[in-house]
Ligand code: APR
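In the form predicted on its own, a lone chain appears below as structure tokens.
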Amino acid sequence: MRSKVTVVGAGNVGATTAQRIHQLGYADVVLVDVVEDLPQGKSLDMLESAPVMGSDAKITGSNSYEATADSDVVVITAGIARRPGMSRDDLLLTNMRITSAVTAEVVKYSPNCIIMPVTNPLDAMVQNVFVSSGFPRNRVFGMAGVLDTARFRTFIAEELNVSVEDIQAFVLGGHGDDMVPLTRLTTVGGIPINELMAEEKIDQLVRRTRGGGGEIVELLKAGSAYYAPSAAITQMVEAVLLDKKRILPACAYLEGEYGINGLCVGVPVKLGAGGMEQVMEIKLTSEELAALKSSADSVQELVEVMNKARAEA
């Protein structure tokens, strides 16, 4: 019997994620969106690709959550992008309301699922879904670190003209300008990166990684990245469905690890059938730990805005 994965939001990120998971062949997929007929049309198009791609998995679209019942994993991509004239808090509170409503429906129909939020601002939305769901922390964690790390690995591979498969790296912290690439632990074929390029070049690649999403937005003029984000989501979903015990960076609720308590922040975790099965607490230098806590402080500011909005509601 195949697993069941629901993807909420049939925009570019959600639809591409649904397509990638469906093509794997071992999970049936439900694509949900509020826009009438949109998820139905996209899912039918994907389903008709199955004979070519060799996938017997089913994919269906729906405007309601009844079709999502008993999902094993739910990916939340629903939300709006920041528009001209919209403040950061406007975006935060709008997507807070959206993800809260989505979470209520998800919990109603799939009370035993694992939820993976992807909506921006990512870390704050993971916190909101975690609080709204009432789930234990192993069943709510967000995607961002895999994407940020993939970008860092890509830039290193291009610079050194080597295979991306030989590059190991971790990017921690919030999904924003103060994310924390751990250059000290970055290796190429097991060789520390600082033995292969100058510190100035490493710093340049770190800056490009931090601005990776913005670079794509600037090039596209309208819209944002979705091919790499959907690939990152799929890797995490696969780790759960196949119980792979992958060690990946993810946004998880911390309970004292790294000196951070009660906040969702990007750290290395073990992903398997139980969801976020373990926070991998590695020893950081004082500079790395300070950078991680600074990044966490930025997340905390957003969480406080959400807490105030809840209190006033």
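If you're wondering where the values come from, they're calculated on a predicted model, not measured in any experiment. Position 1 is the first residue in the sequence shown; the rest follow in order.
Here the subject shifts to the form predicted in complex with adenosine-5-diphosphoribose, a form of this protein not shown in this document.
Although the partner is absent from this view, residue 38 contacts adenosine-5-diphosphoribose in the predicted bound form, with a non-hydrogen atom inside 4.5 angstroms. Contact check for residue 79: a non-hydrogen atom falls within 4.5 Å of adenosine-5-diphosphoribose in the predicted bound form.
Among heavy atoms of residue 47, none comes within 4.5 Å of adenosine-5-diphosphoribose in the predicted bound form. The closest heavy atom approach of residue 65 to adenosine-5-diphosphoribose in the predicted bound form falls within 4.5 Å. Figure note: of the listed segments 67-75, 177-185, 117-125, 202-210, the one touching adenosine-5-diphosphoribose in the predicted bound form, with heavy atoms no more than 4.5 Å away, is 117-125. Among 133, 110, 234, 95, the residue placing a heavy atom within 4.5 Å of adenosine-5-diphosphoribose in the predicted bound form is 95. Scanning 1-31 for heavy atoms within 4.5 Å of adenosine-5-diphosphoribose in the predicted bound form gives 8, 9, 10, 11, 12, 13, 14 in sequence order.
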